[in-house]
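As structure tokens, one chain now follows by itself in the form predicted alone.
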């Protein structure tokens, strides 16, 4: 047995954009144990329910995370709508689905760029983000925002996408997807990407299930779990299956995201083909009284919203279990026994969002 040393990892690191902090117990160059230190980011968003009414809390929820902001707003809206018994118009459900999948594409492309950068593949990094910019242009055209959409509200959506714009967007997406295929082929076939990620951070299906992994982290270990199958928004009327890989390593988690981008393009086309006419919102009367757990699938995995209303315009409770928080346990398990040089790659493979996990 070599000499055991405890070294800090983070909160700042050249490979990781997120301020994650770990204490790593190492023997020589091998990690024996990883101890996460949570709470580096303090924002107090859940306390704002005392000062902002339930409609305004949708804006607060969107600001939990800039990358999956629309889905945070959707999770908050779904919970309040269930409590109040609000029936959202069918067209709004499809619009929510389209914007959710646009968010998934731009989130995965951002991560793929960071993964390429971690492997020293700078040109692939810039190409991934170049394609992502085109997705953000579509988001800006249809919602007015590139990062914070502000399109979701309790009772429906604030914006609509007219038929002419929708046809134009679908035409642009066809070109974007063709551009993306060349990028996906590099992630799938390039030797340097395979060599850096394959066999690193392996987690079996049983371990992923026991530790409560979610999202691509779970699906990369062969668990076919995708909260979109619950049918919220318009997903119940669309045809898709969870994207899974069986290897359970960093490369498998990468491939799940690569394939999910193709799936998101297909879901947007399906939603655009089926979207009905009609209004995009209903008038909200009264105040929420009761409680509800809403669940939906963000790019990083399942997010859970617990909302409790007391019959006034201010909520009693507003709690969020984000996918990053759920994946910290699995990440710690993957780090035990790895080489020190593989730590940033393994941490990156869960796509951590510390601003999501720590509010």
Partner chain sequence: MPLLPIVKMTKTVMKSLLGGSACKMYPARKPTFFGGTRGPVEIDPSKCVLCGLCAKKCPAGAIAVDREGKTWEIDRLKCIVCSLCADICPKKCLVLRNDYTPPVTGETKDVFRIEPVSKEGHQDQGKSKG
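As the structure is a prediction and not an experimental result, all values here were calculated from the model. Positions refer to the first chain, counted from 1.
Keep in mind the form predicted together with the partner chain is missing from the figure; the text below concerns it.
Visitor: State the residue from 30, 63, 308, 295 whose non-hydrogen atoms include one within 4.5 Å of the partner chain in the predicted bound form.
Guide: Checking each option against the partner chain in the predicted bound form, the one that comes within 4.5 Å is 63.
Visitor: Consider the chain as shown here, without its partner, and state which of 196, 228, 127, 259 has a heavy atom within 4.5 Å of the partner chain in the predicted bound form.
Guide: The residue from 196, 228, 127, 259 that makes the contact is 127.
Visitor: Please check if residue 263 has a heavy atom lying within 4.5 Å of any heavy atom of the partner chain in the predicted bound form.
Guide: It does not: once the partner chain is placed as it appears in the predicted bound form, residue 263 has no heavy atom within 4.5 Å of it.
Visitor: Is residue 150 close to the partner chain in the predicted bound form, meaning a heavy atom pair under 4.5 Å apart or at it?
Guide: Residue 150 belongs to the contact set for the partner chain.
Visitor: Examine residue 246 and determine whether its closest non-hydrogen atom to the partner chain in the predicted bound form is within 4.5 angstroms.
Guide: No, no contact at 4.5 Å.
Visitor: Residue-level contact is defined here as any heavy atom of the residue lying within 4.5 Å of the partner chain in the predicted bound form; does residue 167 satisfy this criterion?
Guide: The answer is no: residue 167 has no heavy atom within 4.5 Å of the partner chain.
Visitor: Heavy atoms, 4.5 Å, the partner chain in the predicted bound form: which of 237 to 245, 264 to 272, 69 to 77, 118 to 126 makes the cut? Say which one.
Guide: Comparing against the partner chain in the predicted bound form, the contact stretch is 118 to 126.
Visitor: Relative to the partner chain in the predicted bound form, which residues of 134 to 166 have a heavy atom no more than 4.5 Å away?
Guide: Contacts from 134 to 166: 137, 140, 141, 143, 144, 145, 146, 148, 149, 150, 158, 159.
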